[in-house]
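Presented below, as structure tokens, is a lone chain in the form predicted alone.
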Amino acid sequence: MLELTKSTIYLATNNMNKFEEIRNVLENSKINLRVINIKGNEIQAFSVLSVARQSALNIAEKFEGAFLVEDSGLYIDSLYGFPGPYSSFVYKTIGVGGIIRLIKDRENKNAEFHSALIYGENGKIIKNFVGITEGTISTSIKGEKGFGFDPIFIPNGYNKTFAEMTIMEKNKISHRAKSTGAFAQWITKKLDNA
């Protein structure tokens, strides 16, 4: 049996949950995903795409190989998009319970998860990919799987949170799976034409 030659691409992260989700989406692709512990500067911006692009620019200055940077955020309508790109910081400071307290008495519990994935190689940024999943915020914590705000995010069309889904279920609909899926299609064409 002929083994497919895979291209190695490094995901710049120290979040192994994020790595596993992205690796799972790329499992049947021509990509051999590895982790590199290198960090870019995270700027203050409302868009996860802006934050990811700046981080990727910093990483491109330090790393010559092919790499990915992913940033994501939870945008809650009734909180004017908060926590958005500050989701990781907000999670570490007030946690899932803090978000529930902020929205429990608000009628509008609509939210979106955004993911921005940046691909770079040879010291420059090549392309970016964005994924968005719409849903609502649960006022109770549900599920043990996933990470971050997964226990309170219910995607539209479902009656369970991301944290109640297996990685395979979540990766059919999540914001990160959408941006990674778009990248996988693009990079496959690029590698096929190389």
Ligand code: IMP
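The first residue of the sequence shown is number 1, and the count goes up from there. Predicted, not measured: the structure shown is a model, and the values here were computed from it.
Below: the form predicted in complex with the named molecule, not depicted.
Site residues Ser72, Ser87 and Tyr91 are all in contact with the named molecule in the model of the complex, judged by any heavy atom within 4.5 Å. Using a 4.5 angstroms limit between non-hydrogen atoms, Gly148 touches the named molecule in the model of the complex. At least one heavy atom of Lys18 is located within 4.5 Å of the named molecule in the model of the complex. By the criterion of a heavy atom within 4.5 Å, Lys170 is counted among the residues contacting the named molecule in the model of the complex. Annotated contact segment (heavy atom within 4.5 Å of the named molecule in the model of the complex): 63 to 71, selected among 63 to 71, 121 to 129, 135 to 143, 26 to 34. Residues are counted as partner-facing when one of their heavy atoms sits within 4.5 Å of the named molecule in the model of the complex; in 166 to 188 these are Lys170, His175, Arg176, in sequence order.
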